[in-house]
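First, one chain by itself in C-alpha cells, the form predicted on its own.
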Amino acid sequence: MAEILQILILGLALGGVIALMGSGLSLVFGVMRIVNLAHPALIIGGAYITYLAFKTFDIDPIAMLPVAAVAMAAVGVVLYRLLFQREAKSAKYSEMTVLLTFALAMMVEGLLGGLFTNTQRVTSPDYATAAFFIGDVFIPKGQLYAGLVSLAIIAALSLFLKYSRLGYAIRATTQNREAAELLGVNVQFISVLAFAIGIGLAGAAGSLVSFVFSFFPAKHWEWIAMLMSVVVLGGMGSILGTVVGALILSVVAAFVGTWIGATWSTLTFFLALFIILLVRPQGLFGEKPEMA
C-alpha cells in the first residue's frame, strides 16, 4: 500500500506540471484553431530564462515564474502578429499552422542551441532535492511545489475565463468565432490576447520544468507527443480536459514505469493518443464534430 500511495502521489504531482504545460496548447487551439507544435520549444525558452536568472542572480525558479510568463507572453504577441494573424480566416488555417509551427519549433531549437549548446541544464534550488517523509512514503518537495503551483495557475486561469469580461469574450470566440464577432467581440484582439496567454503559460511551465526535469534545446521533441496525448485525451480546446487527461496519463505512466520499466512509461502517452483517436477522437470533454 505504501508503494502504491508513493507512485500515486508522484504521478499526481507530475500530472499537475504536465497539465500546465498542456493548458496553453489547449487554449490556443480552442480560440484560434492553431495546432502549436512549437509549444514545447517555447516552454524550454521559459526554462532557459529561469535558468539564467538562477545561475546569474540566484533567483528562485518559482519567484521567476511571473517574469518568465510575461516575457514569453510578449514573445507570443510578436509571433502571432508576424506569423498567424494574416491567414486567420483561411479555411485551411489549422492545417497551415501545423507546418508553420513545426518550422517555428525548429527555429527556436536552433536559436537556443546556438545560445546554450545542447548540454543538459537544470536549476537546483534547495527544495529540488529535498522531500517530506510521512511514514514509509516520501514526497519530493520540488515535484510537490511544482504540481501545486501548476494547479493554482490553472485554477486562476479558469476563474479568469469564467468570470471576467475578457474571459467571456475568449469563451465566446472559442465556441463560435463568427457569432462572437457579430455580437461585437473584437476577435482580432481576443486572438492576440489568447495567444499571448497561451505562450505565457508556456513560460510559466518552463520555470517549473527547469527544476523538475533536465532540459536542452532538442528536448521539446520528447514532449510534443506527450502534450498532444494529454490535450487530445481531454478534448482539444478544453482546459478541464487537459487537467484530467494529464492527471490520468501521468498516474498510469508512473505505475507503468515502476512496475514494468521506465522505457514503457513514455509509451503510455503514445498508446493513449493512438487509442483515443480511434475510439473517441473528440476526447473526454471535446464536442463531437458535426457531419456534413
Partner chain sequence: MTKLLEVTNITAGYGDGPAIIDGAQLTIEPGKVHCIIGPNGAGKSTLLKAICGMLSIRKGDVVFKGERLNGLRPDQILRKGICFVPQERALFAKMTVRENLRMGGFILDDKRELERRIDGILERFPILRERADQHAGTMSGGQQQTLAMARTLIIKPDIVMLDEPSLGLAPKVVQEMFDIMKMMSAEGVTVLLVEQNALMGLKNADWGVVLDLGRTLFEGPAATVLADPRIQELYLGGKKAA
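Numbering follows the first chain given and starts at 1. Everything numeric in this text was worked out from a predicted model, so none of it was measured.
Quick note: we don't show the form predicted together with its partner chain, though the next part is all about it.
When contacts are judged by a 4.5 Å heavy atom cut-off, K92 does not count as touching its partner chain in the model of the complex. A residue is said to contact a partner when one of its heavy atoms sits within 4.5 Å of a partner heavy atom; Y168 meets this definition for its partner chain in the model of the complex. The shortest heavy atom separation between G114 and its partner chain in the model of the complex exceeds 4.5 Å.
Residue contact check for K162: one or more of its heavy atoms lie within 4.5 Å of its partner chain in the model of the complex. Per the 4.5 Å heavy atom criterion, its partner chain in the model of the complex is contacted by stretch 176-184, the sole one of 141-149, 120-128, 176-184, 76-84. Here is the short version: of I154, A172, A196, L104, the single residue with a heavy atom within 4.5 Å of its partner chain in the model of the complex is A172.
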